[in-house]
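We give structure tokens for two forms of one protein chain below, kept apart as structure 1 and structure 2.
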Structure 1
């Protein structure tokens, strides 16, 4: 290869001409080979808001948590001025995936939050979003081996709140309320669910370690559905009757249905309940002391916080404000803060259910960022360590 001095020494070229020639040749070489394009350079390409669409995909629209997911997405949509589409999966992975694929085919840049029906749905959804050059955060359910860093920047992050801690909180509440003795039944969520599995693991481990005289009679997965929780509770009442001293649910939606079944059977005053969510209806039951103070423990988080954080993280990527591949692990496989709630301290959480709570959270999140907004701050990186 000729160097600049060799070219300049040619009788046909002056040094200045040679320099111009070399610059032109280098430019041509870059064009021919293709300029190296980084993820951040791609992400910073301006996208007009009319060419974006926010998408929030939820498991159903009967569970209070999923309804709250939608509220958070609406609040962020209004704040950013970007249209929103809601995917109601109706508890079906097939419905979830087909509806998402239809939106991706629309041609707009998709900024998506997905509360997956099952963990196994995540790779299919993420791949479809990547092919469409959209951006997605997965909440709650994702296979352990399916890491954002291995997929690329279109899979912005996998985000969740610790499930093991949630289960342990519920076990402590029921165990203490029963004085360390008795029988309990369990209502997990979807069987192929990271969230349900970690909450179940935390609950069963805590009983084994701390309350060995409490027996688990049976476990009935209830798909996060209040109606199925109600039906399964009815079946368990028929089977075990007043042998049931406690009921743990992986989510308040199922607990709401279960409590109604025990009330209809005349057993609500004799059973203690603990669950995850502290939804408004559960909060009302705590305040009133329904069922001789039947609810003894909860964990607190809000669906509108999860959807707002998930969508906003994806939005920051789409607009070039962040480059996922340059983030530390905890900002791509994220665990957010969870609070254990008892009948003695629930009052400090009531403000998060005021009519403008979702909008206030969105305002604070945009000011502070998706990882530093109370009461759901980033606390570490996943995946969670499962109890042995």
Structure 2
């Protein structure tokens, strides 16, 4: 294959001359073949469905949230009739990036949803997708300074559910259950993850503002890992014993581990728990009132909604139905609705876990658009503001 360096490598031939030659040759070729001569005409050519591929990249395939991400992508793929590829990052940024690059090399127009392993992965992935002329929506983790509007239409949107609201929900639930008095321990996720940081900020701010008599005894990051949540809870039980009245975890996985530790210590009946995600097991515990109605608060959002909305936004861009650069800020850096769940209102949410729930959500989303589908409507523009 001829390349510019080889031509320019001749001492008698400068790089500039080589470029001019190649430019002339390319124009001649285009004219001969009768192809459209303007770039804009090329961009507006609709991409045929058989030339598209949906890609959903998830952090792992065992966490219930990630499984739900896959479910949403499958439902949309079935609805649109476009094949789907799943990228399992196995918790590793390197794996994630290399698998995505392999798919991009496949040549089809890629419509991608990425639940990034770490914020720092987003620029690399977005850049690769842009080079391959694909369209990507990033969910959850993205550096604050990496804005879609600065990258262009290939970085369709950065979407997330506000963590601060999640933390505030948990604080309200525990605060009310304890009657505004008592001691709590916190189990954040991976310490430097944006999602964990925002949830922690929301929880601590809400306690400070609304329940000043509730004291935070200690905070032990548990890396989203149920085992570590379990171990840390055991240590905290030894350290504080029955002084602990409430436990807040940044997600249900860690809460599941922590609840087991309190149950084994015979303390489950005396402690209140709140967390994020309303995993099926947590829902079952909420329904059965495990402990003495130990779970007092949860938040509801589903992975299938995130992936369906993310992919569909990118799909609408690929098919020319929306032009991201013409969209208002909140549709490019989007914060979506989160619902606070309590033992009194959880029944409203069980329908979203029915076997056909993802398909129903996709149907509703295609009818109403990606920003207006209940229970995950667009509620504002990012980046998320941290409480003071």
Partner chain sequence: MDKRKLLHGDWQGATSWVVILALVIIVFSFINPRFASIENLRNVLVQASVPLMLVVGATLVILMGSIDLSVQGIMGAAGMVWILMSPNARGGIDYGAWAWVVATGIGLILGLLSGVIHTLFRVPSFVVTLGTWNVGVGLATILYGDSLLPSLTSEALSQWPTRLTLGLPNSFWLASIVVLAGILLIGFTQLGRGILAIGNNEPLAVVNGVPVIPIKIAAFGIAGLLSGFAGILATMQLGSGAPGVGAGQLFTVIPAAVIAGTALSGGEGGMVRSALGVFLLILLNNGLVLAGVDPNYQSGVFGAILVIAIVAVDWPQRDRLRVAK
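In this text, rigid core is short for the largest set of C-alphas that superpose within 1.5 Å between two forms. Numbering follows the first chain given and starts at 1. This structure is a prediction, so every number in the text was calculated from the model and none was measured.
- The form predicted in complex with the partner chain appears here as structure 2.
- After superposition on the rigid core, displacement of the C-alpha of residue 208 between the two structures amounts to 2 Å or more.
- Taking 2 Å as the criterion, residue 270 counts as shifted between the two structures: its C-alpha moves by at least this amount when the rigid core is aligned.
- Residue displacement note: residue 245 has its CA displaced by at least 2 Å between the two structures (rigid core superposed).
- In the core-aligned comparison between the two structures, the Cα atom of residue 187 sits 3.2 Å away from its counterpart.
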